[in-house]
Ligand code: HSE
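Here's a solo chain for you in structure tokens, the form predicted on its own.
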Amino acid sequence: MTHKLALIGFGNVGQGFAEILRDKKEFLYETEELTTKIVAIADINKGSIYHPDGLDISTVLDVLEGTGTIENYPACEGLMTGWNSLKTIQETNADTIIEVSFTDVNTGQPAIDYCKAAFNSGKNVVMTNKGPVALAFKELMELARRKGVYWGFEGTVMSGTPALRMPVTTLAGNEITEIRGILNGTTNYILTKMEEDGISFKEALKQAQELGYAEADPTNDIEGYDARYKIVILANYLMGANLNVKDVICKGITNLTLKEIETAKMERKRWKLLAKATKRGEQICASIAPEKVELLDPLASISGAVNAVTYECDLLGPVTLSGAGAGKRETGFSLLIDLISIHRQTLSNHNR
């Protein structure tokens, strides 16, 4: 069985995912019996193409690099261009929509509408956009279940590091009573540089921007807004919470001084921007705030632009997972592991 895919969005992550499918084609077939075809791509800036029999990934990437638009893909019988994202979702023969479009994190749009269109068309969705999962989790999950389709969003929290899949599969049977994490690599890099190099917040931020870790407008990172969306996803998905983003107390790192960094060092502690979700009786509360962490805490050893999360389990105790929280290839991999999960479920259903 060939799994047909339509990509909505073709920026760095979409291209990284396409490269992975091209480069690991034989490996995926040998290890998972997974065969894929990208049949459609729609991007608001790069154009759109669709062929029901599939597109050649190398050709698509070469055409994009050479001309700046995928619509210069070599003409052939059955090739269609110019479709918008909704038409691509609804009318192509794709089994799964890979949703990596540019989306407003404050509203979750247009990705929320793209998910609804896909589910109502009987198509799976795999995505990396945080907004829809943080803002419309229950509504979209219920719609996906009702339509009998799969919704994958591993890449929304720690890129390809399995912050969602690992606890669901390998910590099953535990009650997770608390989640504590470093969920933003930019702020962790800044705090690391302030401590190790003795430089100010402004100097560390400038370095982060020069390296591409921080945007020209770094507000979402340094004020904790990015981490706030991620802790909501973790709490709602893993702890059965019903948190709204606005419910999460949020404080960033902009007011941390070198003096506070040095004081923590003398106390054998280290500042980290921690995202926390804690179960208190029947309630689950969440917060984002800088916190002094004991050096023996596994989160204290996480340096640079790395992410990590500790799950406090009633049976196993604390379990810490660390890894990449961003990156073209790493986030592309998060889409792949969700796709493999869909494929395994499909094979299991066929073999019953």
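Residue positions are given as counts along the sequence shown, with the first one as 1. Quick caveat: nothing in here was measured; it's all calculated off a predicted structure.
Missing here is the form predicted together with the named molecule; even so, the following discussion is about that form.
Q: Quick check on this chain: which one of 104, 215, 175, 210 has a heavy atom within 4.5 Å of the named molecule in the predicted bound form?
A: Comparing distances to the named molecule in the predicted bound form, the residue within 4.5 Å is 215.
Q: Ok, 279, 270, 116, 230: which has a heavy atom sitting within 4.5 Å of the named molecule in the predicted bound form?
A: Spelling it out, the residue with a heavy atom inside the cut-off is 230.
Q: Please pick out the stretch from 294 to 302, 55 to 63, 30 to 38, 322 to 330 that is in contact with the named molecule in the predicted bound form, where contact means heavy atoms within 4.5 Å.
A: Careful reading of the contacts points to 322 to 330.
Q: Counting only non-hydrogen atoms and a 4.5 angstroms cut-off, does residue 99 reach the named molecule in the predicted bound form?
A: Because no heavy atom of residue 99 falls inside 4.5 Å of the named molecule in the predicted bound form, the answer is no.
Q: Classify residue 183 as contacting or not contacting the named molecule in the predicted bound form by the rule of any non-hydrogen atom within 4.5 angstroms, answering yes or no.
A: Yes.
Q: Spell out, yes or no, whether the shortest heavy atom distance between residue 221 and the named molecule in the predicted bound form is within 4.5 Å.
A: Residue 221: contacts the named molecule in the predicted bound form.
Q: Flag residue 193 as yes or no: does it have a non-hydrogen atom within 4.5 angstroms of any non-hydrogen atom of the named molecule in the predicted bound form?
A: Output for residue 193 is no: heavy atoms all beyond 4.5 Å of the named molecule.
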